[in-house]
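Given as structure tokens, the chain that follows is alone and in the form predicted on its own.
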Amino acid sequence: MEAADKVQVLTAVTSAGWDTHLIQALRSAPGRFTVARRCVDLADLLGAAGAGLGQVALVSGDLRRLDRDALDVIRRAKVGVVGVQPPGDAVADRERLSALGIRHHVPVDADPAELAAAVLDAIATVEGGAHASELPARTIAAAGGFGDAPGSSGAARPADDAVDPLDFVERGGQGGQVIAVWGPYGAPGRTTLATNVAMELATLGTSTMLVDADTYGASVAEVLGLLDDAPGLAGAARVANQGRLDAIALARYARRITPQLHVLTGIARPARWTELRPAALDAVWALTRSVAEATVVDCGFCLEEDEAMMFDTEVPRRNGATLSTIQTADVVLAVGSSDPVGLGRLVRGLGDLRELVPDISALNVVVNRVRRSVAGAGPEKQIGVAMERYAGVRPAAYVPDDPAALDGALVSGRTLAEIAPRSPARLAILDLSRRLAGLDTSAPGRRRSLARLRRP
């Protein structure tokens, strides 16, 4: 059998003798698998995967500098990953591999049939998420079928039952929704909308996590009057990248605003954008879904992927945090200013946004700073007609311009619900938040006293 017809395997294991044992197990079925390269370290593995030398990589959990970001690079090279753990019931090693996002893992002394099944399942995962039985016939024939041995797909890491210092409660699932707040360049009010929606959801009794993922101008900390010297999201992403993020670790980086609202502040300086890698943020969103009913994310404005056009190798992506968050989100709030310049930018931005959000029902347009001085009499009707004509969408909410209340909230480091509960802007955001929470906007609903929600 020609080498091109065999399943190409890369190995990157650290313990002495492991790769030899794995190679012997793969070769026990002659002509099915071939070891394309025995990598000495992670850099060697990344280079081999990027060069297209393999279809699957066998890696050990203690491989130096192995993290989610490196595994994401390997998967984008269309190389599956199988984690190799010590012989026996190595629970800690299995949990380490699962925490890194490796779904398939086998003990180093696994029988050849079990190892072959894990390799084929890992290849299927990167080839469109198909089951191994849906692999191309050439790959199946090269591997010699599947046999009756059980696969080695690892179960998801069990939820941490420890009590969180901030009373986080993992709900044992992924039921929480992620709400991404996006807007075009020009300060249309992304942070203002994100912070106020998060507070309104918390006021309505929804456990909420507010996250600042803007890699150009993070400002949630300043808007809420918090010191921005804490690691916040960058610290959580760093731990997630190492596969060590759980509810307890998340609590160390989150700031408590009210009993129902916690905040992960953004990066202190724009130059630190490299700390917010998409693969790590995916793990953060997965955890916040389990500890909070709603995660409100303040995103950056830019949706471009310039790195893909400038480089032919894997490089950090500054807009990766925004792109991955929008693609992960259950609901996207696209906010734009009501003036002609702001509406023009919003219409053009929606064209790019729709490529990331194919489900149009998940996209909600919010027009901010609505006023008659720029939109004429009946501004909501005028704006609605214009948006439907040029963007094919009707805004889901109109937030009136209320500079006095907004300035007062900004100066005091509080939200509209705390400082100006009767503000027209606050009432519009409250109505939007009630719909996001699935509450009937015509009924009073359950609303907690703001006096009880005051931050310490």
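Throughout, we count residues from 1 along the sequence that is shown. Owing to the predicted nature of the structure, the values given are computational and were not obtained by experimental measurement.
As for the form predicted together with a small molecule, it is not shown, yet the points below apply to it.
Checked against the small molecule in the model of the complex, the candidates 349, 189, 176, 278 yield a single residue with a heavy atom inside 4.5 Å, and that residue is 189. For the residues 62, 431, 44, 401, the 4.5 Å heavy atom test against the small molecule in the model of the complex is passed only by 401. Stretch 211-219 is the answer when you ask which of 80-88, 257-265, 211-219, 106-114 has residues with heavy atoms within 4.5 Å of the small molecule in the model of the complex. A residue is said to contact a partner when one of its heavy atoms sits within 4.5 Å of a partner heavy atom; residue 369 meets this definition for the small molecule in the model of the complex. In the model of the complex, the small molecule lies within 4.5 Å of some heavy atom of residue 406. At a distance threshold of 4.5 angstroms between non-hydrogen atoms, residue 35 is out of contact with the small molecule in the model of the complex. Interface membership of residue 53, defined by any non-hydrogen atom within 4.5 Å of the small molecule in the model of the complex, is ruled out.
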